[in-house]
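A single chain, nothing else alongside it, follows as structure tokens in the form predicted alone.
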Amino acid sequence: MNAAINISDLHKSYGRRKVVDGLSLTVPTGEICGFLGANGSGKTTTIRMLCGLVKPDSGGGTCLGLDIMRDAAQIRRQVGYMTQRFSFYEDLTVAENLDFVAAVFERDDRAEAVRDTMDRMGLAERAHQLAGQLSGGWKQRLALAACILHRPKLLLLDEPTAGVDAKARREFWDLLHDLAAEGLTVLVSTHYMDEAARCGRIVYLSDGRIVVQGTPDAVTGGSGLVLFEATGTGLDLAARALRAAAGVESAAVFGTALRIAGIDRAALHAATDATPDLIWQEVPPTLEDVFIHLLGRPA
């Protein structure tokens, strides 16, 4: 399968701090690949290296078949890059912002491109509304429209739905899947586990290195994480006590249930035996459980 991204042994440091440390990654064309990791894990720096905004210290590879070290300018013309912060002119209308983007990319059919993109993104009725008056969800939709207006082959999205409500986030992801169905490749960083679950593959970074990658089901199933869930009374007090128990990585109350997690099944059984007033059962881990587990692992 053709690879939209194929990088090997990338390194990037700022002073003595290693931000990306020997990262290798291949993303097939047409895949939605999710980037996960704590703040400072190297996600944003990797994305910026891929689109030519930051030069790696060493390593290399290709993005859309172009060398990331030599062909940065050509790569940027074929990539749509969406930052965490809304970066368009708030005193211009939706249509004016998109027209400006079309001019930057020297589209000969500017008016048609703007009109078609607004129609596709559901922005036509807001064409004359100032960008600064849009809600967070509509701002993100405008930003995505600007990213695809020049018909890129790859989208690099850095926490694109941060601070956006659940309905707007779901609609945004529906748009991403529509684009991927047409062959567009998407690399997206996110802290939302419901979004990560919608990716074809997820890549978890820690201290600039890939810790685990695979489909959401494969990552969850291969985590080795064991969870037990309890119902009963006094769950908050039980959770506080269980957090200090050997082998218990986490103990948290969710509504009317208490969940404990760890990788030592025998230790977890011993912890549950110490709370005979609660009714316990083993449950499968979720992607969020695995994410919290990985966050707690030593570097």
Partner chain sequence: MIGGFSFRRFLAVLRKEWIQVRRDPLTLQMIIALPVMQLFLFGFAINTDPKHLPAGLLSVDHSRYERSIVAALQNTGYYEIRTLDSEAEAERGLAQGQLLFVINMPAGFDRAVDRGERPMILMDADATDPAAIGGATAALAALTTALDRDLPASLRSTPAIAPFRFALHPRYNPEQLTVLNIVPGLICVVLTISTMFVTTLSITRETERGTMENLLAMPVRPIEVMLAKVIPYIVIGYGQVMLIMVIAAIVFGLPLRGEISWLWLALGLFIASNLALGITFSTIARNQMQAIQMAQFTLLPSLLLSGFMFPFQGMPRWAQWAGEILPITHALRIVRGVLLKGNGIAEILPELWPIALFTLVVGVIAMRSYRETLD
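Numbering follows the first chain given and starts at 1. None of these values were measured; they are calculated from a predicted model.
One more form of this protein, predicted in complex with the partner chain, exists but is not displayed; see below.
Between the partner chain and the residues 70, 55, 243, 269, the one pair within 4.5 Å by heavy atoms in the predicted bound form involves 55.
Of the candidates 125, 217, 106, 182, 106 is the one whose heavy atoms come within 4.5 Å of the partner chain in the predicted bound form; the others do not. Contact annotation: the partner chain lies within 4.5 Å of heavy atoms from the stretch 107-115 in the predicted bound form, the single such stretch among 223-231, 107-115, 199-207, 184-192. At a distance threshold of 4.5 angstroms between non-hydrogen atoms, residue 101 is in contact with the partner chain in the predicted bound form. Taking non-hydrogen atoms only, residue 211 never approaches the partner chain to within 4.5 angstroms in the predicted bound form. Looking at residue 138, you'd find every heavy atom of it more than 4.5 angstroms from the partner chain in the predicted bound form. Contact annotation: residue 85 falls within 4.5 Å of the partner chain in the predicted bound form, judged by heavy atom distances. Using a 4.5 Å heavy atom cutoff, 12, 76 and 92 all lie near the partner chain in the predicted bound form.
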